[in-house]
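Have a look below at one chain only, the form predicted on its own, in structure tokens format.
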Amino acid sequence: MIGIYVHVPFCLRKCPYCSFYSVPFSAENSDAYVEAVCRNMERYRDVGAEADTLYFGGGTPSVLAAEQIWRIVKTCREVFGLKNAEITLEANPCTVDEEKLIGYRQAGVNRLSFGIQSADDEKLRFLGRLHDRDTAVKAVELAAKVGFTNISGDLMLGSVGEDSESIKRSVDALCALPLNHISAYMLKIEEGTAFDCDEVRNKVADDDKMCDLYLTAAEELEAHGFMQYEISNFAKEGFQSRHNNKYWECEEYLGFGPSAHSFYGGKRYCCPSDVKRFIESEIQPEIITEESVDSGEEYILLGLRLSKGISLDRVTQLYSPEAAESLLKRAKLFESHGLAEVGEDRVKLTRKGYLVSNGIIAELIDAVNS
């Protein structure tokens, strides 16, 4: 079973830290966009591909009307089946009300992901969010009221004035809501965003502070029953994101919409970040980003993001017994510094290891290739 990702490129206002592709919302463009998404899905009607997850990301998918979401879900069901599927929609708390949430449920959405980011109004203003704490609380509670039982919330770490106590307060506030999944992201100043300036860099958490905030948030979430299953993701039992797990488990997925990425048929490709071109093209343009994927490197790179880590038996299958032994030897060096854990058949990173995961993963990939 593959996953389906739909990039909704519309926002009411661009957040100053966001580097994802988006354009200002307009009703006319949104109708043409929905038509283009459905048209592109129809191309796969005779392929026989079946999907069990559908994810609306953005941008701000919740600027779309329930009827528009329904049309995309309906087309996706007809083409890809969506049997017993997880259907997720990202939502900005200020863009939903009770009627709209009911409409999304009727359209088939069974999982919501709210961009809450903080329970502190001052930090929400700094992050350029259009909602305040009360609006976020009301949105999540309304979602539960209308029948959503699978709700996630995003938490941003490292905003201006952030410390361990403010992180604990935000975690406690989110955990008091009917959420069963929380994504905790470290604020990163991305090139080309409004935050890409020294004035902002000097206000937000530096690397050392960010590490402390991350460890504090992880410990606090676990104390509330949200168990870490990936570098940035925590869930109550049975509520891991099925769709996002496809990325980390190296499973195939198809992306629709401007800037959407795909991994299908052994190659990686993306649609250009141009909503006008996407709407006007009969078939969405595709740029090949990787013609032939190295399954071994992918397995190590993505698998070490997961709390369960990677299997040495699988490394042996993908490479050789000698390569697995080389990786194991290198991993034990990291274990001696508290950055990794080595079991009988598994290697995984510790939370401290997650903080320097890029370097560790590069070293382990080098070990199997040397």
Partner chain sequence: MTPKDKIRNFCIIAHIDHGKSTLADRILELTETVELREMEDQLLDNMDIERERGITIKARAVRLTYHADDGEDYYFNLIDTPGHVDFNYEVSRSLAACEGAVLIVDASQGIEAQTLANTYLAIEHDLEVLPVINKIDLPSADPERACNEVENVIGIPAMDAPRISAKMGTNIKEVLERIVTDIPAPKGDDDAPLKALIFDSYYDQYKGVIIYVRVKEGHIKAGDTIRLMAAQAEFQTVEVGYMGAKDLVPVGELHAGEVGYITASIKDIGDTRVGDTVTNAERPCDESLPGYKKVNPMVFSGIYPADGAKYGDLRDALEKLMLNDASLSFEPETSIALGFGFRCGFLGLLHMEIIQERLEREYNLDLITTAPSVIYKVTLTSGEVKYIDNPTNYPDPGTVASAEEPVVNAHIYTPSEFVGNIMELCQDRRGTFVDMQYIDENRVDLHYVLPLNEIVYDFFDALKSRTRGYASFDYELKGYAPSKLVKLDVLLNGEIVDALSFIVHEEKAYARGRRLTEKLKENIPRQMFEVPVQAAIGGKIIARETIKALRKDVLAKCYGGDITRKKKLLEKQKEGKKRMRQLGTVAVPQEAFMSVLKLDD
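Residue numbers count along the first chain shown, from 1. Keep in mind it's a predicted model, so treat the numbers as computed, not measured.
Here the subject shifts to the form predicted in complex with the partner chain, a form of this protein not shown in this document.
Taking non-hydrogen atoms only, residue 23 never approaches the partner chain to within 4.5 angstroms in the model of the complex. For residue 146, no non-hydrogen atom is located within 4.5 Å of the partner chain in the model of the complex, even though that partner is not displayed. The partner chain in the model of the complex comes within 4.5 Å of no heavy atom belonging to residue 175.
Taking non-hydrogen atoms only, residue 231 approaches the partner chain to within 4.5 angstroms in the model of the complex. Taken together, 248, 339 and 358 are fully in contact with the partner chain in the model of the complex: each brings a heavy atom within 4.5 Å.
Contact with the partner chain in the model of the complex, judged as any non-hydrogen atom within 4.5 angstroms, is confined among 134-142, 75-83, 201-209, 104-112 to 201-209. 190 is the sole member of 286, 190, 121, 219 with a non-hydrogen atom within 4.5 Å of the partner chain in the model of the complex. Shown without its partner, this chain lists 183, 150, 159, 95 as candidates; in the model of the complex, only 183 has a non-hydrogen atom within 4.5 angstroms of the partner chain.
With contact defined as any non-hydrogen atom lying within 4.5 angstroms of the partner chain in the model of the complex, the stretch 71-90 contains no contacting residue.
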